[in-house]
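Next up: just one chain, as structure tokens, the form predicted alone.
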Amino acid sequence: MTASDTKKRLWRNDLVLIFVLLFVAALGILLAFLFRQEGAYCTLTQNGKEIGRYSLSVDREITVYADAQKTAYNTVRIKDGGVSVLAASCPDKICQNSRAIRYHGETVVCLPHGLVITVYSDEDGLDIVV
């Protein structure tokens, strides 16, 4: 066996490994997509403390203040079974630019204000981690 044959064999094995890893990743994403559950309610947590639990079936807007002076805020909108941040006073506005979330386990986070919005379903289903 020559050095050239060894390199070809290693290259072929690398390609097989890459194919297997891509297949497993694609299968995991497909399973997560197929078995996702619609959310029933969301929780608002600020600095590790739950401040509210709201049904996703009732449209509303909630303003959450991050300080006593009420200068730092997030306005959360629940509409059409989804929840999103409508307005935020944080400088980067990443939470405000996030899409509406509606499936079990999805979250929106505003780090400057310590706000975490998480969607939950009523059912205790199988969690899939990819």
Partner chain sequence: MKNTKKITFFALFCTLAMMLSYLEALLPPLFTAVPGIKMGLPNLVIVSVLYLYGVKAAASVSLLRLVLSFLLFGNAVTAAYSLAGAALSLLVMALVKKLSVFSTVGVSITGAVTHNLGQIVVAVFLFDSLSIGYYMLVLTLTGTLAGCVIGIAAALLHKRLAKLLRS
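Because the structure is predicted, anything quoted here is derived from the model rather than measured. For clarity, a rigid core is taken as the largest C-alpha set superposing within 1.5 Å between two forms. Numbering follows the first chain given and starts at 1.
One more form of this protein should be noted, the form predicted together with the partner chain, which is absent from this view; the next part is about it.
### Query
Looking at 65-73, 91-99, 52-60, 78-86, which lies within 4.5 angstroms of the partner chain in the predicted complex, counting heavy atoms?
Result for this chain: 91-99.
### Message
Given that the partner chain is not shown alongside this chain, does L34 nevertheless sit within 4.5 Å of it in the predicted complex, heavy atom to heavy atom?
### Response
Heavy-atom contact with the partner chain at 4.5 Å: absent for L34.
### Query
Looking at the partner-bound form in the predicted complex, is S121 within 4.5 Å of the partner chain by any heavy atom?
Outside the cut-off, so no.
### Query
Using the core for the fit, does the CA position of I18 change by 2 Å or more between the shown form and the other one?
Yes, the C-alpha position differs by at least 2 Å between the shown form and the other one.
### Query
Is the C-alpha displacement of G28 equal to or greater than 2 Å between the shown form and the other one once the rigid core has been superposed?
Shift at G28: 2 Å or more after core fit.
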